[in-house]
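One chain comes next, on its own, written as structure tokens: the form predicted alone.
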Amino acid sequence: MGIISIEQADRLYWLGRYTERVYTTIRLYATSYDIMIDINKGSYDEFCRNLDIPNIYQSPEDFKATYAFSQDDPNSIYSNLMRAYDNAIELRDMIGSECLSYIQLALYDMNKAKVSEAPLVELQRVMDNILAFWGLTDDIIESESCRNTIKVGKRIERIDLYGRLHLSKEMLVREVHRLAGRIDRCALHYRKAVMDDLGELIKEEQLDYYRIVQEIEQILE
């Protein structure tokens, strides 16, 4: 494959980010779903605060339906999966039809989950298809720069989400190191000073999660 255009690099990057966002938010949604049923019916408010999205939901039932499946809520899992799908469609010639097919299968299972009496089962299949997509990128996509751009988007999104959720230092250290080992080999221009700052931030005994999120949000030029 020849040179990757700016538009293609941007789509590859967002394909990585949106697939990661869907994968991680489904995991969070599944946990919150059980809590709302069994323990705390208002826990979706904390869920929204953690992800820094507006709480537009009127009840646990509204949250379960709207956040997961609404086409009109720009923060819904469905909306983010559609953004991943739209980018994958535009990148069909770069990523191959087999990789694209797993994003299509994820969307198919998302639509099944919407009408299912056991939506978490179908949402697990969405996650499985995203995992299959990520796995295939190494086998199907010939361009190393193309593969790395998707994975850099995935890592950036993961660091952003993990920082917002105040997840463990070990998890954030691992993801920052993974990003550092790949970002020089992708089709994106980034701010090296930000990468250096992240490296220093994860050395602190007590992580400054706010700073980590701030830094990762401005890493690309």
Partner chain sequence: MYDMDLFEHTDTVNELLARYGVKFGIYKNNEFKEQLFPFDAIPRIIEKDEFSKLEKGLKQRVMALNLFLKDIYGEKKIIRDKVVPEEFIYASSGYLTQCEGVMPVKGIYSHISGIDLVQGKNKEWYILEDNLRVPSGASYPMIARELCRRSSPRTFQDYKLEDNRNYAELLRRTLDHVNVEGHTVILTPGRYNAAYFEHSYLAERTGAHLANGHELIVEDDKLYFIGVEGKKERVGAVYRRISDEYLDPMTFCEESVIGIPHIFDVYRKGNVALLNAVGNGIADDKGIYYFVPKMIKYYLGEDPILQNAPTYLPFYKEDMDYVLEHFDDLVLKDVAEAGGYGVVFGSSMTAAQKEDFIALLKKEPRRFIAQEVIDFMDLDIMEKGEIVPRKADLRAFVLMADEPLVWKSGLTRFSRNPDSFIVNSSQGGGFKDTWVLSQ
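From a predicted model like this one, the values you see are computed outputs, not experimental measurements. Residue numbers count along the first chain shown, from 1.
As for the form predicted in complex with its partner chain, it is not shown, yet the points below apply to it.
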| item | value |
| --- | --- |
| Touches its partner chain in the model of the complex: residue 9 (any heavy atom, 4.5 Å) | yes |
| Partner contact for residue 214 in the model of the complex: its partner chain, 4.5 angstroms, heavy atom | no |
| Residue 220: touches its partner chain in the model of the complex, heavy atom cutoff 4.5 angstroms | no |
| 4.5 angstroms heavy atom contact with its partner chain in the model of the complex for residue 89 | yes |
| Its partner chain: the contacting residue among 27, 166, 189, 49 in the model of the complex [heavy atom, 4.5 Å] | 189 |
| Listed residue (104, 111, 79, 124) with a non-hydrogen atom within 4.5 angstroms of its partner chain in the model of the complex | 104 |
| Three-residue site 43, 57 and 115 fully in contact with its partner chain in the model of the complex at 4.5 Å by heavy atom | no |
